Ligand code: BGC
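Here you get one chain, nothing else, as structure tokens; it is the form predicted on its own.
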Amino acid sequence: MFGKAGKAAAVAAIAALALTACGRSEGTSGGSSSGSGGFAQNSVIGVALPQKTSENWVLAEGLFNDGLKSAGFTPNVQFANGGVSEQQNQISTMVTKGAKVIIVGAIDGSQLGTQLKQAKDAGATIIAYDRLLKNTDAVDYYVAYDNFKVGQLQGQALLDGMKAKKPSGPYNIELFAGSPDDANAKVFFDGAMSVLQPKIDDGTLKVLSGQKAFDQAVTQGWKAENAQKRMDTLLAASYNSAPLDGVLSPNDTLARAIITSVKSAGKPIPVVTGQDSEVESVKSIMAGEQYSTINKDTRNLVAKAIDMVKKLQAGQKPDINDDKSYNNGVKTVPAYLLPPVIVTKANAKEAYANDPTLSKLTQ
């Protein structure tokens, strides 16, 4: 996603953050607290990533490899493009290789309990990355953007975008959610519905399909073709004559698929939300098609994960700023949450000013 200069700058920033992390204290957990005693700086650090379903996951792979090396660690970064069983095997292999910390971006955060227990029994620290690990006590920390806030921003953007086009309602909308095996998907949806449900209740918003529940709105595997097929069906069933004013889309890949469906049906493009700041969606926003996205800079998230590893290596506790919100079904996982940023055409230039690739698209 980034050019060579941008990638070099990102790696340098991550390395600098990681190498200075031990001298800082943020959030509610002091950086000087003693931890489990630390470990050798050149230790193996496992990073188990899911399938390559978005640009941000691909970017994370390179940033983890380069950032961990720059910080003096031995990275073992793996993608599980073959599915859950492959990720299970990869985590077990990381344990065998003696990984001191395993950072897990789960395909399905509820199906890794056996492997995570194996890792904990071997003395590893487990950090859930971007997606919460569920139904297990074998997870120590969670680092992510504030995903409920992401949903709230998406819901508000949908309302704002429709109002800008048509000052008063009612508005016809449809709701899309992410993959049900991704723990974040319902968090995004619930955040959005905390904004949208009151407007549905008072009649400002109408969901003509009647599909208002998460289980009705899910998109298996976050796959564009699944979103496009569902949008085709919704348009044919409910929007032959009625206008479609807006669509809640949880990410950019699905947003583009929804827009493709609407175009193919020969209908005006509604207000469509998104997330991830993917290149093609930023282009679409600047062209006046997709309405919004969310900027969750992967460089900052990887940097914070490496910061956590550095603290652990030094025998200190990683910084946390939320120790109450993320109950995984067995325990409340201490979290460090980064703030997401809503991006529309109006603020894209400012939002991406420091992004070496996306800044070029907003000129």
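All figures in this text were calculated on a predicted structure; none of them were measured in a lab. Throughout, we count residues from 1 along the sequence that is shown.
Below: the form predicted in complex with this ligand, not depicted.
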Item to complete: Name the stretch, out of 209-217, 270-278, 75-83, 119-127, where some heavy atom lies within 4.5 Å of this ligand in the predicted bound form.
Response: 270-278
Discussion item. Even though the partner isn't displayed, in the predicted bound form is N251 close enough to this ligand, meaning a heavy atom within 4.5 Å?
Written reply: yes
Discussion item. Taking this ligand as it sits in the predicted bound form, is F188 near enough to touch it, meaning that at least one heavy atom pair lies within 4.5 angstroms?
Written reply: yes
Discussion item. I'd like to check something about T53: if you look in the predicted bound form, is any of its heavy atoms closer than or equal to 4.5 Å to a heavy atom of this ligand?
Written reply: yes
Discussion item. Residue-level question: is K296 within 4.5 Å of this ligand in the predicted bound form, judged on heavy atoms?
Written reply: yes
Worksheet item: Which residue among R131, K134, R230, K199 has a heavy atom within 4.5 angstroms of this ligand in the predicted bound form?
Response: R131
Discussion item. Looking at S292, Q90, Q115, N184 here, can you tell me which has any non-hydrogen atom within 4.5 angstroms of this ligand in the predicted bound form?
Written reply: N184
Worksheet item: Within 207-229, which residues come within 4.5 Å of this ligand in the predicted bound form, counting heavy atoms only?
Response: W222
